[in-house]
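Consider the single chain below, provided in structure tokens and representing the form predicted on its own.
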């Protein structure tokens, strides 16, 4: 049996195997309230054999949402989230929640504490342009303190709900990674300039979350090993990010890459996500923009198995904490290679959307073929009334 299907330990948490469901925004929380569709999605993954599934994009506050339909952690949804977590755990999987804040990348028109999205520095808000929110402001020190507090408060609530782990999002162009990247952080105070200064806010957030949940509660960190854009986080800086998070008390690093705002295809690979986004976009201005700018916004990265492996190995060699590999792992051969390279766990996104029985199927049949074609049409379905799913399954 592959070592991927043997038990492993994530901090103090025992997991039945090494396969984890990656956080892929589900689009199944109408009006920001988790319900039966979201529960059924994760329950099905648990039934298929994953050791732990990750509920994507749990915003740390209302103003941390990408749009006003995104879920955020607050008391009004505690009963629904607790029911979801309990049901998925009963189906056989542990449950992690991805704790994140959008920072200056938002089309949320129902802001509560602020008048416009805020990030480390003033800049264009690319996501908000079609919604009439083209600009983002700069956080003051009080705003930074507030941001850190929202992470701690949300983590406290998530632990109380019954989550087994928390995955903090330090990558993909969201708030914490906006501080790390020179491209989005042009500050001249103690939170900008040098790499150490740009890491202050992410490390403060990690420290606050660790204090909130205690030393025995697993905290993972998803990073962008590279932003894949000029002026962004480089592959060399990605190693430094992982090292500082390791020293800051993280239990595991998830080795992703790219940014949602500047270069999402670095993480997706395969066919351009623009095709599915154009199909689903209701706003005519945004749809036209996608048609005109798609080739520039979404670069061409042909799919290949284990496309992040070499970069992730550098992270593995630099840290003492667990390392979770993610990026192009659809075959048993690839799963075994990741394990041979010394990684502790594997996160899967699209292969599990295509086939929630991935783990069970692979354990039973070494010749199993997943069937994901990396068409990336699933990405465009996040705003569909039924949320993400594999379009190939719709016609099979």
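The shown structure was predicted, so the numbers you read here are calculated from the model rather than taken from an experiment. Positions refer to the first chain, counted from 1.
There is another form of the same protein, the form predicted in complex with a small molecule; it is not shown, and what comes next is about it.
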Exercise for the section: Run the contact test on 17, 335 and 339 with a 4.5 Å heavy atom cut-off to the small molecule in the predicted bound form and return yes or no. Expected result: no
Problem - Which of 133 to 141, 81 to 89, 262 to 270, 198 to 206 sits within 4.5 Å of the small molecule in the predicted bound form, heavy atom basis - result: 262 to 270
Completion exercise
Partner-free chain; cross-checking the small molecule in the predicted bound form, the single residue of 356, 64, 34, 327 with a heavy atom within 4.5 Å is 327
Problem - Residue contact check: residue 350 to the small molecule in the predicted bound form, 4.5 Å heavy atom - result: yes
Exercise for the section: Classify residue 256 as contacting or not contacting the small molecule in the predicted bound form by the rule of any non-hydrogen atom within 4.5 angstroms, answering yes or no. Expected result: yes
Practice task
Please check if residue 172 has a heavy atom lying within 4.5 Å of any heavy atom of the small molecule in the predicted bound form.
Solution key: yes
Handout entry: Contact label in the predicted bound form: residue 98 to the small molecule, heavy atom within 4.5 Å
Key = yes
